[in-house]
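Heads up, the chain shows up twice below as structure tokens, two forms, tagged structure 1 and structure 2.
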Structure 1
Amino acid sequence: MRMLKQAWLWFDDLTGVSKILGPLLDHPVPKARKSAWFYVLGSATLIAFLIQVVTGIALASGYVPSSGQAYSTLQFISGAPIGRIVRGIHYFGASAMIILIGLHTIRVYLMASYKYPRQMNWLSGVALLLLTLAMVFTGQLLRWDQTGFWSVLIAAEQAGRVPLIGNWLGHFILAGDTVGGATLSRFFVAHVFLFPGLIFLIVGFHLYLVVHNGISEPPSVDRPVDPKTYRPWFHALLAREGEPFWPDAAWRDVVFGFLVVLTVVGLAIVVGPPMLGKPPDPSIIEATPRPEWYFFWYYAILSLIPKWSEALVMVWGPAIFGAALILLPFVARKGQRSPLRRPWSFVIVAAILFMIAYYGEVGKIAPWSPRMEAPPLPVQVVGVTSGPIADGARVFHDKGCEYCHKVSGYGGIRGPDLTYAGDTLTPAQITTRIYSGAENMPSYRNNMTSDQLSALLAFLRSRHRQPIEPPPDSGQ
């Protein structure tokens, strides 16, 4: 013990580390009282990032960033017991990071900690938020299974909607004219070197600012921010009732951070990383690319919005949202910080959370997606095995009607449920709809013979309200 202490004194004499770190650890922070636990979200985000750095380095040692081989290296990693756990930690660590940075942003926004003098804290935080989104997208893609492969094309097509430079941007994402050998390396470099490097730099800046400007005190209705007097007032507050960061405030960061680690590791062991999809072979045409949960809401929105608004949602929506985040600390640089006096902030946060939760749920069910694996209707649903009704049921499946319309629990849910079509629609109505189509239904004018149509009509007219055995699989 004495030797350790002497070694430390010797090291500190040569380096002066304690002179730099001491004031950092001891710097006074305002008493947060009731809201103290709201202040742990930033450090927890940093802990999640560090989890990603450590597990990422380990995973990179088993990964080959080559379009032709990455998939088999992922099979290798996932096949090894420890590899599976490390991949699981990296997967749930990513989810933790995105949840925590989201909550941290909301905390700072609701408490208006972005006001003078902490505008740069906010701006560097916005950069970190965007980089985190970029990290989870590129990370999912590095799995390089079928979904990873098609994610590249989906990203390129979305980038293609950007005015003027869209085409170049799209091909920049592909790293050339087509998806190929150069494509994956590009995403590997972004995910492993470029983005993490930027995150390290900006986190350093962000932490420096936290010390430089001091941690914001909990807002109070009686103390609107006045840039002229804020700093002297804040320093007086710290001198009056500040407490040293270490350990008076930091212990909460440690406890919460430990819970984050525990949760992530626990999920990695119990649940494990997501299954790998099929290999990234474009000639396997049965592909249904789906994003991870944190992008489900966006995925759902992209299909539910009217066609004319696509440019608005894909290009201008994110651009306006980004601009709002950047302008916020300049437009609202002083005045009330208390959320009680800024009720709109609650409305905005609630609206965003509702959008993410609601459309995320819709995205999970994916009601717009044709359910292309729907099997032909079984005989207990159809009721007969031959004749026009049975023929019509076959047409209903073969023409793809069943992919979007449900009958007695079978089929997709994009279009109206036709279980009781015989009760609710006249043959003329059905015929008109089949012939003329609609915004989200193709016209079958040239795709159906009159025999097929009359069989289909016979089948749909036979759909009446009557007890039918529930199907074995009525899931989505």
Structure 2
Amino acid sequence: MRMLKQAWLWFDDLTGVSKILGPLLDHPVPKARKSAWFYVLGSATLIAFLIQVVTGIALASGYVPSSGQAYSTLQFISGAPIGRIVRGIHYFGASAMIILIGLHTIRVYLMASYKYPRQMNWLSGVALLLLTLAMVFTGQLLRWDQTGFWSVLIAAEQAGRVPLIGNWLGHFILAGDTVGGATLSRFFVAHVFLFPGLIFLIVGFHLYLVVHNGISEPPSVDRPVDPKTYRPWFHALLAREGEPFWPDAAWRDVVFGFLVVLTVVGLAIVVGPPMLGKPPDPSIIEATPRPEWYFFWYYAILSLIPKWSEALVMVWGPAIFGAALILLPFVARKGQRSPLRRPWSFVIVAAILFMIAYYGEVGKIAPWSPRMEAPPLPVQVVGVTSGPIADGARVFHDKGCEYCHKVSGYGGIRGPDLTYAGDTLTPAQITTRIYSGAENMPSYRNNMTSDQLSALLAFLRSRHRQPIEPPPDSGQ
């Protein structure tokens, strides 16, 4: 310890670091008392970001951002024990960062910490929230699998709906007319250099504002914000009841941050990173890409809205949301901070969380998407191993019917459940539907032989709740 102390004194003498760190660590903060643990979310988000930086550097050292090698290098990284853990930490670290910055935003909003004099604190936090979303989105393409490939095309298609500059935005995202090596290089630079650099700059500015304006005190119903008197009152509060950030308040940040690191590393070791999908192949148009779980809700909304409203929702939805975040600290710069005097704040947060949870679950299930990975129906479902019924079960899978229709729990959910098709549909109705198609079903008139149709009808007619009893003998 003595040697470490001497080394620190030598380093500090040459650099003067203590003159910079000292005011940051010693600056007084209000006593939070019962709400103290709500104030650890910001520092925990920073720790999650640092996890991403460290693991991102490690992954970048073995990753080749080339359309011909990106997928294979990720396979190699995932196959190595240490590489699997590092990639898992990076994946769960991104999830932790999304959760923590979301909770931090909710805490700041409920406590109205965006009011005077902390409007710039809020705006810089909004910038960090948007940059975090951009980080996790660009990281998805770097897997260079089917999901990442098609997700970028979908994003470019959405950007193309922006009035006037939509075509330019789409080309800018793709770095050309379609997804390719240039797209991968652009996303790699944005994910590894541009967005982390901007986050570091804005985090520095955000921390400066925290020290300059002070950490917001817990709100009280009898203490509304008045810009004319707030600063003198706040400085008097710190002089009377304040405590130094280190160690009186910072120990909670250290404990919670350690738990975040422990959780992320534990999940990476036990669960591991997500499996890579198939390599990107633009010729496979039946791909059903899905975003990461934190975008499920948006994915579900875009999939469920009527077609006539797509442009409005894709363009004006994010624009209105962003404008609301930016205008909030200026429209509501003073007045009550206590959520008890702002009951609508609870309603707004509850409505947003309900929407994210509900549509997130819908997006997870994705009832509109075919299950392209559905295996052939097992023998215990088909009932026989040979004959027209067995042949029809093979047609049911080979022609993709099973991707959208479920039979006895196997298959997709996009179309009607055909477990008891023999009880609900006549052969003529089935034939009409197969040949004419439907809104979400292609016509098989020119894609199915008469023998295949007969076998398929035999299979579907065999689907009953109970075995068909033979007609009673009339004695004739």
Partner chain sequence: MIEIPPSEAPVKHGPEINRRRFLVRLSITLSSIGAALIALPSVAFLLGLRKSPQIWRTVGSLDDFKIGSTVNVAFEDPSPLPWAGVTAQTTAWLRRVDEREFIAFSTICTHLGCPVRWLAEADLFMCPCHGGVFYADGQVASGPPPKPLNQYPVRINKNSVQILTMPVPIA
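What you are looking at is a predicted structure, and each value in this text was computed from that prediction instead of being measured. Counting starts at 1 with the first residue of structure 1 and goes up one by one along its sequence. Only the largest set of C-alpha atoms that superpose within 1.5 Å between the two forms is called the rigid core.
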Report the structure number, 1 or 2, for the form predicted in complex with the partner chain. 1
If one rigid piece of the chain rotates against another between structures 1 and 2, which among 181, 388, 24, 364 sits on the hinge? 364
If you fit the C-alpha atoms of each rigid part, what angle in whole degrees does the small part swing through between structures 1 and 2? 22
Quote the shift of the Cα of residue 11 between structures 1 and 2 to one decimal place in Å, the two forms being superposed on the rigid core. 2.7
So if we fit the rigid core, how much does the CA of residue 398 shift between structures 1 and 2, in Å? 8.9
